[in-house]
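Next up: a single chain in structure tokens, the form predicted on its own.
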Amino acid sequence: MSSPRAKLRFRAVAMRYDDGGRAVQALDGAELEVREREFICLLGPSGCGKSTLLHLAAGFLRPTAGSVLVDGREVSGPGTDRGMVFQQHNLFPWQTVSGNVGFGPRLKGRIGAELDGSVALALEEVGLADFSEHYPPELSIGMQQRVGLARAFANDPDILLLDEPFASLDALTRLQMQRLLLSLWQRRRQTVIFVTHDVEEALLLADRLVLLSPRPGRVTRDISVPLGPREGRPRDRRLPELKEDILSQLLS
């Protein structure tokens, strides 16, 4: 059986910012390959370039050096083949839930019954079918993040990029959202890159954990997470030896 092909590659990626006249080297020589349908988590200290890698993959930024490739083609800007979910939901407050979720499919040219079907399916999957005509300010933070997930999945991207999407949630809501994300991913099987500071969250979600060095960021370790029953999901949250190993490296 052949292994899944590479979907996303970072080749010797460097990224330098101009921060008020001061040069900041966010990434330097970052190398990473993500296979098709794989779920990876990026871990590392604050400021190490995790979010920068996502923004490069999304096409919001261009690298100072090196290249970012999707399906072997260099990323030159944003595209509907990549979807992003942020820590802050970034919903349009003037649009209803269904309007927000349908934004991406409309950009793809879907109209009428096809558009309505995409929106209805996405809202059903995240448990918000009864809230389609509500506006984001009328929803709880957890529900707003569900809309954010629905909006990303409704567009049916090949690659889903998530930048600490559950960091602001309480512990119970966060666990619910983690389980929801896994359920959606298991049904749709996009390639996923998920940024987090939470080692337990990464161990619960990911096929692989990718550790980055302090700034300037580069990949220092690539860890395959041991699988449990049924291909590892739902996975036992208690992987104490691996957790302690990762924490030791992050704190060193």
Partner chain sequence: MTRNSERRSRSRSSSSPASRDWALPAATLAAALLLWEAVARSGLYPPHLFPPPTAAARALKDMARTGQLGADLAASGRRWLLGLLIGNAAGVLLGAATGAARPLRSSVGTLINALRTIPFLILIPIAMLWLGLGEAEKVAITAWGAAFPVWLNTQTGFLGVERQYVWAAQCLGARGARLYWEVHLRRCIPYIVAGVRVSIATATFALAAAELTGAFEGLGFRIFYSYQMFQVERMMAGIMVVALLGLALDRAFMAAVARLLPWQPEAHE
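Positions refer to the first chain, counted from 1. Keep in mind that this is a model prediction, so the values were computed, not measured.
Keep in mind that the form predicted in complex with its partner chain is not shown, yet the notes after this line are about it.
- For the three marked residues, Arg82, Gln95 and Arg106, a heavy atom of each sits within 4.5 Å of its partner chain in the predicted bound form.
- Among the residues Asp158, Asp71, Glu138, Glu124, the one placing a heavy atom within 4.5 Å of its partner chain in the predicted bound form is Glu138.
- Of the residues Leu162, Leu91, Val75, Leu181, just one reaches its partner chain in the predicted bound form with a heavy atom at 4.5 Å or closer; this is Leu91.
- By the criterion of a heavy atom within 4.5 Å, Arg221 is excluded from the residues contacting its partner chain in the predicted bound form.
- When contacts are judged by a 4.5 Å heavy atom cut-off, Arg37 does not count as touching its partner chain in the predicted bound form.
- For Phe86, a non-hydrogen atom is located within 4.5 Å of its partner chain in the predicted bound form, even though that partner is not displayed.
- When contacts are judged by a 4.5 Å heavy atom cut-off, Arg151 counts as touching its partner chain in the predicted bound form.
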